[in-house]
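In the form predicted on its own, a lone chain appears below as structure tokens.
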């Protein structure tokens, strides 16, 4: 599994320098996406191909070979076997590259090339649209910005160090034009990704930028590491089953002492069912799990597993972590596997506590699982204040068959489930 860092932003913000430092620091493969477009631009200049000669550009794309190598001397870029590391930074290429990268055929070809370069690797990429178009699911997204004048100054000094003869006014005008072109592109335009971290480098040094991004990368790596632990499926063993039964019995006794629990109805002794209940208190799921003879695999928000005790209990009871407010494919697969194995799956359709009181829209996950797996839904209504020694009612309804519903009727199926739950929440005998 790859780890991808995407750094976007306008020209002259220091993306290239920062990327090189971070690549070395975190041992990431540095894929210079801008270099790929510059190679196409250089090849067009070499062959005298103009922007409007699309057929000739397509021919170049069919035959072009671009390779990027990280060497001890730095990154080397090869175009059809020739080292063009310096040539692609020439004034002529710089003035034309933004327009070339706006050509659809060039864009599609280079994005495909960049994605292939990154397959199965830990990489860092900088460009204009890495986090929004090339890798919209990048693990880390950074938008590096700076004032126009500061960017022009940096690029002017950079060119002078490389021996490129171009005055400051021309550099400023060139960056203005590039900014305009990059932001107005039909495909892959320069824009801020919703989940990107914005860093303004106008008043801070490269080292400060590197430190800020480094901390973001470190935090993300820790988050991924924790996520892997959370989502890891623990095998069913004799010891795990024994431990679960001991904990279940002990907590059931404590629960009965704390609350006067009254159970109405029950779950069939065999077969896969989806238990759907209202969510009024953080202890209501325990009433379902502890007082069922069968194991209930409850779906729980991922954040709960960040607590060490809940993390441990979650794995003992095979709770299924899920990322809320997004389509969690991994969680869906685990839910369907539970049902395929003839087990019980517990879901709160409200998605949050006291969803009914808040008049929130119920989630369609339970209905989707029922239609997909052909498992019946058992509605459950829970009623009580959950104050010490108060009464708590857990009312099981009759199984609901949703086999006549289609995936296009998820809202209707969900409404049917919720109607039954609401009725059951009012039952106290």
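Positions refer to the first chain, counted from 1. Remember, predicted model here, so these are calculated numbers, not experimental data.
The following text describes the form predicted in complex with ligand DC, which does not appear among the structures shown.
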property: In the model of the complex, the residue from 212, 182, 343, 318 that sits within 4.5 Å of ligand DC by heavy atoms; result: 182
property: Any non-hydrogen atom of residue 130 within 4.5 angstroms of ligand DC in the model of the complex; result: yes
property: Heavy atom of residue 98 within 4.5 Å of ligand DC in the model of the complex; result: yes
property: Residue 87: touches ligand DC in the model of the complex, heavy atom cutoff 4.5 angstroms; result: no
property: Contact flag, residue 279 vs ligand DC in the model of the complex, heavy atom cut 4.5 Å; result: no
property: Listed range touching ligand DC, judged in the model of the complex by heavy atoms within 4.5 Å, from 27-35, 48-56, 376-384, 397-405; result: 27-35
property: Heavy atom contacts to ligand DC in the model of the complex at 4.5 Å, residues of 144-181 in sequence order; result: 155, 178
